[in-house]
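Just one chain follows, in the form predicted alone, and it is written as structure tokens.
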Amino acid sequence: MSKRALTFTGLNARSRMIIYISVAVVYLACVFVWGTLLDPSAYAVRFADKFIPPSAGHIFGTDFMGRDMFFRCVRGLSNSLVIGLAASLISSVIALVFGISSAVIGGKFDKAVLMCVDCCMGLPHLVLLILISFMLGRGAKGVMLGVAFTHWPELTRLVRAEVLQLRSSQYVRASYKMGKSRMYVAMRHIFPHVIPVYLVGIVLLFPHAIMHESAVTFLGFGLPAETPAIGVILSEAMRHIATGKWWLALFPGLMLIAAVLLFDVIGENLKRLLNPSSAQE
């Protein structure tokens, strides 16, 4: 066995986690930046090139308007990442505020927050998302806010459970006995300890946000047809897939699945990396 192989196999679990996270982050960042800066002429309409199968000139083929599928998928995935990032940040902030405040304040406020969480989780998720998106006028704004307002309950429960454990700790009780206010205790003692759960929660919200944005757009309640998006591309592909144009649905679907799995890899490894019990691995 070579020295390089011995070095790689000699890496502990924490080092391998960092490598997995780094590779996933670099790939997603490259897709995001490339798609954002991509010239629209790269996926412009060219009717003379319509329905070209995957080839050296068009590795993902072309669609019914002659647009290059590879560049259109890169741009579409970049748009999905932007919407997923914005929606996840909004949703995570809502969850952080409700989770900490409900556990610290308690009483009727805690019951009201839990009732809102149960109501949101009890309703059909996709139906609620479509309703919010439609009420807000669809488009990027409607989808983003729809995803943001339907993805906070799970993280709220996690943050609340973490705060309930911290609330009974000795240093928090001592702070209350010294006359410190609830706001002081929440900001100085509880918030720093919730940060690891919060960061993991944001990352794990990304794949759900991206998948639901694509699903709502696919059903016609999200981004408009003229906007490059994975949901739009897949919706258009359904009209031609029965005629043998398999590449129109295969490659966009694979890119979407790859992005979701990479975010899951980042979230799961980050959760283990921030877990104190993995310190000895």
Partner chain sequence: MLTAKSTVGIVGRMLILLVLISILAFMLVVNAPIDPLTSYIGAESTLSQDARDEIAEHWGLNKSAPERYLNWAKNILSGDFGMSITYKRPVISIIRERFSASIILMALAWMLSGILGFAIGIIAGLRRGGVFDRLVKLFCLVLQSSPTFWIGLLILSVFAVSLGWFPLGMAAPMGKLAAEVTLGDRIYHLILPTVTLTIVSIGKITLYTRQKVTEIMRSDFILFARARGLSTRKLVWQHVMRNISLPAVTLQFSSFSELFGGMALAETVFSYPGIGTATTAAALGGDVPLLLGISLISALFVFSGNLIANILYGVVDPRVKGGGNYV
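Residue numbers count along the first chain shown, from 1. Computed from a predicted structure; not experimentally measured.
This protein has a second form, the form predicted in complex with the partner chain, left out of what is shown; the following refers to that one.
For the chain shown alone, Cys119 is a contact residue for the partner chain in the predicted bound form, at least one non-hydrogen atom being within 4.5 angstroms.
When contacts are judged by a 4.5 Å heavy atom cut-off, Gly253 counts as touching the partner chain in the predicted bound form. Gly220 belongs to the set of residues with a heavy atom inside 4.5 Å of the partner chain in the predicted bound form.
None of the heavy atoms of Gly107 is located within 4.5 Å of the partner chain in the predicted bound form. With respect to the partner chain in the predicted bound form, the three residues Leu131, Phe134 and Met238 uniformly fall within 4.5 angstroms at the level of their nearest heavy atom. For the partner chain in the predicted bound form, the listed stretch (158 to 166, 119 to 127, 197 to 205, 86 to 94) containing residues with heavy atoms inside 4.5 Å is 119 to 127.
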